[in-house]
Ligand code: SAH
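What follows is one chain in structure tokens, specifically the form predicted on its own.
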């Protein structure tokens, strides 16, 4: 049976700029054939079972010729695979997507194109340059400055010089002197504002401003490197009001989130809102266990030590058709605010949350409200910390631990590099990262003392959040980032 090929635009770099459709297609792929400009944040969406094939090109170096890429897509589709051809930016904007589509159609391969956000607009926007503005430019013109092998760039400078809109040149860094000279020779004023944007929409974004007369020299002095785009026109204004990204507190920070995939997005969204480039690298996953639930009505207390424990407990109730009302006479305790919030979303009011979010302090807070011989049910991970249970049993309480889930280590099909800060929400995420990235050293932001101890044992530099909450973890990330500035 013949498979199908999707030509998917990955966007300009920021993982948040891939389209909803593009992400959905990518997450269902069997084979992903990707370009060099597809960043780690996008590659994190590739499922672990998918086979990744790097066909990246750069100036003067094409390790996989275009014709071979097209044959590869056809070959994989004929094997019945769901193939994603993942391209930086948009597939049809200087991406040779049309050529690939023609080859697929000629071979009788079902195919679909998923447009992507182009860096020509997005990178300029992230750098504080609106490509159109009522007071400065009513049109935008996108030009490739990349020549075919052995040829000169084919640009009608005279026509461009007569336009009153914004000019955006892609793949033009090596040709920057010729571009500036060509526009000036064609009649544009030497003092026309111009800028180069390096690695737009990422944490390593850099903007160099100048004019047509000065930009090439400035870019060379500041060692601007590809990928970069060039913007020419009156919209290149150093206006503070347009500089929205660099004003955010985590701009310039490349932050790794290591939580389980189904838990990562909330934290990632909080970090992105503060300007960070977020890479989601799940180091653990949850496996639901299926112990037979005991009669819940016999317990005086139900104690929850993690939001995952809450989710898995309620999943078991549903699976075994047990009515939560059988727990009606029991008091409910939670180790922290996040766990308490997870319970309250399920309709359970929490009676006890300790001021310090750990097992020992939870036990102390419970003991203040307990009677001798109270029975306690603790739905928890297969391997849980002993402090809570030991303390309650020492005081004469009857404690039943109910393992409802198992934490397993996972490893994706890419390796994170060039990370500024890595966030860890449990000791298991630390151990999972260490297994997935052998020998890696990171600056770790940890949610609690046990997590921090695991990170310190690996020789990492560690900062601990004031509380065991995501909000406190994000605040600690801000503090650590600002410490460098």
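Residue numbers count along the first chain shown, from 1. Owing to the predicted nature of the structure, the values given are computational and were not obtained by experimental measurement.
Beyond the structure shown, there is the form predicted in complex with the named molecule, which is absent from this document and is the topic of what follows.
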| item | value |
| --- | --- |
| Option from 99-107, 195-203, 364-372, 298-306 whose residues, in the predicted bound form, bring a heavy atom within 4.5 Å of the named molecule | 195-203 |
| Partner contact for residue 119 in the predicted bound form: the named molecule, 4.5 angstroms, heavy atom | yes |
| Residue contact check: residue 275 to the named molecule in the predicted bound form, 4.5 Å heavy atom | no |
| Contact test in the predicted bound form: residue 311 vs the named molecule, heavy atoms, 4.5 Å | no |
| The named molecule contact at residue 123 in the predicted bound form, heavy atom, 4.5 Å | yes |
| The unique member of 229, 388, 179, 256 whose heavy atoms fall within 4.5 Å of the named molecule in the predicted bound form | 229 |
| The single option of 55, 37, 50, 437 touching the named molecule in the predicted bound form, heavy atom within 4.5 Å | 37 |
| Contacts with the named molecule in the predicted bound form - residues in 344-361 whose heavy atoms fall within 4.5 Å | none |
